[in-house]
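Only one chain is included here, represented as structure tokens and corresponding to the form predicted alone.
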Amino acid sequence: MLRRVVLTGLGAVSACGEGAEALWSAAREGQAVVRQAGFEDENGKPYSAYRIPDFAAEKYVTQRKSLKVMARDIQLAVASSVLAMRDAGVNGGAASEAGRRGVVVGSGVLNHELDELAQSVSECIAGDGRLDLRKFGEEGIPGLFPLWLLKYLPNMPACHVSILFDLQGPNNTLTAGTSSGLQAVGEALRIIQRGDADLMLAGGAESKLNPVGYAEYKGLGLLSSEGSYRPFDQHSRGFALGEGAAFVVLEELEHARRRGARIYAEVAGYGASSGDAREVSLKAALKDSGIAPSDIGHLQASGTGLPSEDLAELAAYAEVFFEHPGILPVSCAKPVTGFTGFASGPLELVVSANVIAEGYVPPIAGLEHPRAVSPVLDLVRQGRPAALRHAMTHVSGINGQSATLVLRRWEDGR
């Protein structure tokens, strides 16, 4: 029999501020804060994005020398993991417990800062104005900071987090695009269920707020030309970049009870899929939870803001919940956080945990003209109280991978 797993800690860093409370407050009120990103777009205008205000990594990184090998994404990961562990009341443990604690992170190739490469690149420009790759390999790369690459490897967030908390148990990094972070939580769930750990940190972090990240998405034609972010709205034409990180602490139920931990919710089920079959992950999570679609009281949607993606997502929801006895409330947190890539799923899971713990359904910020109307889906425009037993979080990326997690309201004594 699989062991039961509960959420006991929430940590988040986003444009809303530092801490899960700041994220939940903004999501609850439908507040979006867009700031200047710190660089100019191709037209020479300051680019506006969901930037974290006044973030200081020194507050969370105890070994200051480590900052030299931490890209901003890694710094955000460490900060949110510290906040999650604090929230869970975990301040370390006996040496015998270290091997029963681990971490799983959703990550990928992290964007480098242009100024780090500028000198080496400029010295290797050929007469025709192009980069001489041979010269760059022979002379440019040796001129870089020797540990430069360690700042940008996908597995480094998990490495730094595990070292900080002496997590000697399972350690893994999942690279699956936007769904990576929520898949990391799902993998952590499985690790505890099968008995390979008692406590796991899981989440994701990403910052695209630099010229490299901007150019990547701009070149793909995914950014909103208006600078606004309105998923599921008829006028939505893309997303706005953001940065953030979120980690959650998952524990085996009896382990959490023994130390008197506060429990936000039970992690009831998980599902994942690839390709455009979003409904596969939705149905898998329901089956894993042992519940029917009619048992879901709230759905935290992915909402990339791309017209074709939004329509496909809503179609998947309508297919899975077509027999729902009522109208299923659907919210989306991305208009509040911006598009945060690997961090999207965990940030939205933090919102879902508060939805089920506090019994309140938040709105979709900025939604004015819903793109599609379904008799079984309610795209929430005004937040409201709601007593619910199960809440679902779904995230899907433009690469076609999806992940879904179901939370169950915690009732003491169950």
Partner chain sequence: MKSGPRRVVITGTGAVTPLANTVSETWKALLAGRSGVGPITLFDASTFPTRIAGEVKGLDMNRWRKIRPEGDRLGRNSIFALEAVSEAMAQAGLGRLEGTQAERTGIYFGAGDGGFDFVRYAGILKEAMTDTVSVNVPVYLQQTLKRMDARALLEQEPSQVVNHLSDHTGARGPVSNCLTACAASSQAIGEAAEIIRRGEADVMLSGGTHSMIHPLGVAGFNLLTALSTRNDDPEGASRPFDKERDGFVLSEGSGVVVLEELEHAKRRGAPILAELAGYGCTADAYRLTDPRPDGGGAIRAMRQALEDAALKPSDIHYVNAHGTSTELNDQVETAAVKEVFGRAASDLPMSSIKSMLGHMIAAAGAVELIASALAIRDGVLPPTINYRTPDPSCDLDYVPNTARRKNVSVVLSNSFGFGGQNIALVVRRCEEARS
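Since this is a predicted model, take the numbers as computed values, not measurements. Residue numbers count along the first chain shown, from 1. Under this definition, the rigid core comprises the largest set of C-alpha atoms superposing within 1.5 Å between the forms.
Just so you know, the form predicted together with its partner chain exists too; it's not on screen, but the next bit is about it.
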Interface segment, criterion being heavy atoms within 4.5 Å of its partner chain in the predicted complex, picked from 237-245, 163-171, 251-259, 81-89: 163-171
Contact test in the predicted complex: Tyr60 vs its partner chain, heavy atoms, 4.5 Å: no
Contact of Tyr214 with its partner chain in the predicted complex (heavy atom, 4.5 Å): yes
4.5 Å heavy atom contact, Glu29 and its partner chain in the predicted complex: no
Distance check, Gln183 to its partner chain in the predicted complex, heavy atom within 4.5 Å: yes
Within 4.5 Å of its partner chain in the predicted complex, all of Val109, Val121 and Leu147 (non-hydrogen atom): yes
Selected contact from Val280, Ala312, Ala318, Ile263, since only one has a non-hydrogen atom within 4.5 angstroms of its partner chain in the predicted complex: Val280
Residues within stretch 108-134 having a non-hydrogen atom within 4.5 Å of its partner chain in the predicted complex: Gly108, Val109, His112, Leu114, Asp115, Leu117, Ala118, Gln119, Val121, Ser122, Ile125, Gly129, Arg130, Leu131, Leu133, Arg134
Post core alignment: Asp166 C-alpha displaced by 2 Å or more between the shown form and the other one: no
Per-residue C-alpha change between the shown form and the other one, Glu139, threshold 2 Å, rigid core fit: yes
